[in-house]
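Take a look at this one chain, the form predicted alone, written out in structure tokens.
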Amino acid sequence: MGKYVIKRLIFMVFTLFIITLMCFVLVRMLPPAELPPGDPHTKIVEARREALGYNKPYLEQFGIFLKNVFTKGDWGVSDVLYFGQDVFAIFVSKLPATMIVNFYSIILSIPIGIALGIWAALRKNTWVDDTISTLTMALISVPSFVYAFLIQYFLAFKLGWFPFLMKEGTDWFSWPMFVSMIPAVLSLSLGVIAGFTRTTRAELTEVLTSEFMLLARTKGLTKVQATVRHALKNCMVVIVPSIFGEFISIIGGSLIIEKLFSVPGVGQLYLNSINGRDYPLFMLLTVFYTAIGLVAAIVVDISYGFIDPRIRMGSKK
């Protein structure tokens, strides 16, 4: 296991490096954002860009970028969206909104998704199973921003239960703030609920038809007892790693949902940095999102070995 983890970490760092290099070169190929004519900050920006090597070959620019990050912890300052402000400080200030909205969505999705999956598996080939399976496929097939428009139209506009946009401010745990988050949370949750439902149903359906389940029934256990004691335990080998992956991915958030509901998080900041060609912000957020995805994949893989000791990650036998 130790060798496997080290190997995966090395590949993760290498992959992160390649993706970062590609994004850096591609974004630097775009012309830098121009300041308005007569802007008093023009000379400052030009001097800063000169120091960062904007007029040098791309690989040399990338070397300067890496040197500043690793030796000084300096990701740069914003030239466009937040002029003169440290991009890492901006990122940290936007992170709580993304984490909280996505955390609420996961807390809502896990129990509902697993419960629906169990119900569908126990009622296999009945109207309950058919209904849940149909809804699950529909929810998985439809993009999350479609849910967002429907939720805004019915729950915010027609019924008036919730505001269209998330409340401004940093009182993250107040009741008005929580209510304003609900439309965004629901939009993020529907697809996740469908994913957990499908995974749970598929795994539990397969386990319920296994030979050891028939043996458990012949020993006198009821269907409920056999399901709780044996079937669900085996299903968790697949379900729990997916939960770990979702928790790690919480910070990633949803770019489109944050934009639609005006969530002041890193997702909306990422889109704004692309539109505004704010190079330092774009690179920091690109590294962040890439690292989150890679870490989530490693955590999911490693968790299999801890959940079921019979699994030996990286073993050739």
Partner chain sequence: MMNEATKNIYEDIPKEMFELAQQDETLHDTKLETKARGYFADALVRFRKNRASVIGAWIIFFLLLFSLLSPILSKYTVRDQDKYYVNYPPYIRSIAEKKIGIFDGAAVHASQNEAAMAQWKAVAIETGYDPLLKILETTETVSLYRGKERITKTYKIQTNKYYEQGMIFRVLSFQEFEDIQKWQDETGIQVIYPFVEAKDIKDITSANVWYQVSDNKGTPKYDKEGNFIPAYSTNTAKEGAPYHSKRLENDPGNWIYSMQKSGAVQCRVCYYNYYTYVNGHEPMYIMGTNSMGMDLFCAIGIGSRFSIIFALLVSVINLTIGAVYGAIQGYYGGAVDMIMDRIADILYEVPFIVVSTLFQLHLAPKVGVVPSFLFAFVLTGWIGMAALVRKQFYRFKSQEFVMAARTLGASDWRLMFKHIFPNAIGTIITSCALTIPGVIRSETTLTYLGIVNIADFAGTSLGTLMSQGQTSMTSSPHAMFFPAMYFALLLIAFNLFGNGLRDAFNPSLRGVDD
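This is a predicted model, so every value here is computed, not measured. Take the two forms, find the largest set of C-alpha atoms that superpose within 1.5 Å, and that set is the rigid core. Positions refer to the first chain, counted from 1.
One more form of this protein, predicted in complex with its partner chain, exists but is not displayed; see below.
- None of M177, I140, V128, I107 but one reaches within 4.5 angstroms of its partner chain in the predicted complex through a heavy atom, and that residue is I140.
- Shown without its partner, this chain lists L155, L81, I112, A202 as candidates; in the predicted complex, only A202 has a non-hydrogen atom within 4.5 angstroms of its partner chain.
- Contact check for L260: a heavy atom falls within 4.5 Å of its partner chain in the predicted complex.
- By the criterion of a heavy atom within 4.5 Å, C23 is counted among the residues contacting its partner chain in the predicted complex.
- Its partner chain is not drawn, but in the predicted complex it has no heavy atom within 4.5 Å of V92.
- At the 4.5 Å threshold, heavy atoms of T290 reach its partner chain in the predicted complex.
- From the list 143-151, 82-90, 235-243, 180-188, the contact stretch for its partner chain in the predicted complex under a 4.5 Å heavy atom rule is 143-151.
- Interface residues of 50-79, taken as those with a heavy atom within 4.5 Å of its partner chain in the predicted complex (partner not displayed), are absent.
- V25 is among the residues whose C-alpha shifts by 2 Å or more between the shown form and the other one once the rigid core is aligned.
- After superposing the rigid core, the Cα of Y58 is displaced by 2 Å or more between the shown form and the other one.
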